[in-house]
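One chain comes next, on its own, written out as structure tokens in the form predicted on its own.
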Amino acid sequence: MNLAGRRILLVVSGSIAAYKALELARLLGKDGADVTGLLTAGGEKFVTQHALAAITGRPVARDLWGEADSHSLHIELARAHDLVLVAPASADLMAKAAHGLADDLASTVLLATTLPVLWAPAMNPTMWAHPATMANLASLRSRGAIFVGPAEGAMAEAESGAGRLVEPAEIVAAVTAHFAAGPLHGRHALVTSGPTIEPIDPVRFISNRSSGRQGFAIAAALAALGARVTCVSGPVFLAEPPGVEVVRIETARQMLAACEAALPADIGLFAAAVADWRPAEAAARKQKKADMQAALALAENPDILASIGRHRDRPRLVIGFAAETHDVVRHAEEKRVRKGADWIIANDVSGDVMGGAENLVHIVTEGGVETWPRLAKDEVARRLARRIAVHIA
């Protein structure tokens, strides 16, 4: 299960080789990938949406304008995966992507995505060798596109030459190699996420509004770049990030113990909203109202960021989060020094008190402050993961 949890958008464009996309989807799924199919109008001439949906177990995306609520479908598809795989890739779709054209769902997704794109071309040998196709190939490669094939062999037109779609097993091998050879391959990342809960008695506790969405998104983004990721998470209502080992905890003390157990790590990123305080004594039985009228005695929780920032097995890169309601950057700068972190990711929660779908962050480092525009949390995670990969290389 080399592709366990990997989310792949399989774009099937117009080529007689499109029939092989069904076997490709089956092999990707067999290897653990979650595959979503996208059929172009040309691809649908050779493969039915029903056949592709039956193999992937998911609805097939087809039409940019087909649904009343599809005005953002291209954005959703462009963001919700770890890889865009175009197989077969027609000369037409390559040309559209090379020149930034976007007149259907597939080309719009390709223009909107920041994900890696792996192309498996299939076309007549003369079309493949044409200077326009070669120029498009060079343009796409210069922007980071990955290509597998085409192979040489007999074609549907009773011709032979370069232009044949490589076999599905070879495409799966290329996909596997892409994930294995990501820029963070061989690195171990420790990520904390979500809230902690501190029991007052068996049914009551102290906690906060953290949803864990940003931490889980960062864990997934690091894994997508090839890192081995351990995510220590408080209680959240989210699906586990693909390809990530999730360690479930409840209290701050449990989180610190789990983090220390996960060391050594190359990257430590602490996005959890850890409760600063806990009840000094947790009652063994549910307390009655009358018994709880006195002040609740509190004890200070361990500081996980500071503990790992000064640990004997300190990660090479330690990143903390700072959720503030005022003087956001100043507090983050002070926190970075005080807690021994390399970076602090600061965000203002005065308006949207955690749990939202977007984040506006400031990256505070020894060298200064970098402010990003308000972005979806998944996009914040991807940008941050890429920044980490460049720094740690």
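A residue's number is simply how far along the shown sequence it sits, counting from 1. Bear in mind that the values here come from a model prediction, so they are computed numbers and not experimental data.
Note that the form predicted together with a small molecule isn't included here; everything after this is about it.
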Q. Pick from 202-210, 266-274, 115-123, 161-169: which stretch has non-hydrogen atoms within 4.5 Å of the small molecule in the predicted bound form?
A. 266-274
Q. So in the predicted bound form, does F321 come within 4.5 Å of the small molecule, heavy atom to heavy atom?
A. yes
Q: Please check if P183 has a heavy atom lying within 4.5 Å of any heavy atom of the small molecule in the predicted bound form.
A: no
Q) Given that the partner is absent here, does I304 sit within 4.5 Å of the small molecule in the predicted bound form, heavy atoms only? A) yes
Q: Determine whether any heavy atom of R62 comes within 4.5 Å of a heavy atom of the small molecule in the predicted bound form, and answer yes or no.
A: no
